[in-house]
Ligand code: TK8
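Shown next as structure tokens: one chain only, the form predicted alone.
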């Protein structure tokens, strides 16, 4: 009995000594990650951020928790980018086009009619060229993880169907805060007006602008059909989104934590692209059902627009660097079976 009593007493003492450490361990809070995005929770963007958050929490055993904050509640893309650079926010997903002012090479993705298909876009974005462009962000205080898909962009407006180049003349068209978009649509004859996405619906509703350009999914999820009559299928630009992280914050993570985030980002990319593509055809049908008048630009008119933008493309090449431009055109030619 004495031996048993001694053993019990020693065990109890050990537990008492360990108690503060157990309590301390229980008090350790999970690492909170604020992940901002511009669209609403029901959008393709919102669904992918949700999957990312669930994947991170599961893979980290609850030690990392992602707080998804949508509907531009943390501000438009440009504001969130600055918050990431300063370390005031951890993560975001937004358009590559709004990063051009920070990293000029991002303008490559704004090239009108650069990609003919999503297959081409995936190959370039997920390959060495996409990585090379993404790596440039680190010099500016951001870390790019993966590219998501926003999709091929199309025009909507309240004035008239855009069936030919001349139909763009004088239309007050909202574009992203990006010089390539401004120059492109000015060259095509539109009155291009830069506005943050968060202000777009209101600007359309009050007729501050006549139209805008976005993929079908965004037009539907943002309810632009309520304030726009005509949808012209132009597929003028393939628009990627990019998941970025604050470098200041990223550099303070362990290798294991970084791996959890990178693996979750890749899983979310694959999910988001499939989701976006599945939704696109349905979104177009839904927009027609909502009463939008839809027309498709003919190949001949697409070619006229492309020709009109030759100088814009030359400017993009000069801006991003001829080596990068030439490498991209060469990779695309190879994908298309060229030599």
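Source: prediction; values computed, not measured. Numbering follows the first chain given and starts at 1.
A second form of this protein, the form predicted together with D-xylonic acid, is not displayed here; the remarks below concern that form.
- D-xylonic acid in the predicted bound form is not approached by residue 147, whose heavy atoms all lie more than 4.5 angstroms from it.
- In the predicted bound form, at least one heavy atom of residue 214 sits within 4.5 Å of a heavy atom of D-xylonic acid.
- Although the partner is absent from this view, residue 197 contacts D-xylonic acid in the predicted bound form, with a non-hydrogen atom inside 4.5 angstroms.
- At a distance threshold of 4.5 angstroms between non-hydrogen atoms, residue 39 is in contact with D-xylonic acid in the predicted bound form.
- Checking 99, 91, 155, 176 for any heavy atom within 4.5 Å of D-xylonic acid in the predicted bound form turns up a single hit: 176.
- Proximity to D-xylonic acid in the predicted bound form, defined as a heavy atom within 4.5 Å, holds among 103, 95, 228, 246 only for 95.
- Heavy atoms within 4.5 Å of D-xylonic acid in the predicted bound form are found in one stretch of 306-314, 31-39, 46-54, 277-285, which is 31-39.
- In the predicted bound form, just one residue of 234-257 lies within 4.5 Å of D-xylonic acid by at least one heavy atom: 241.
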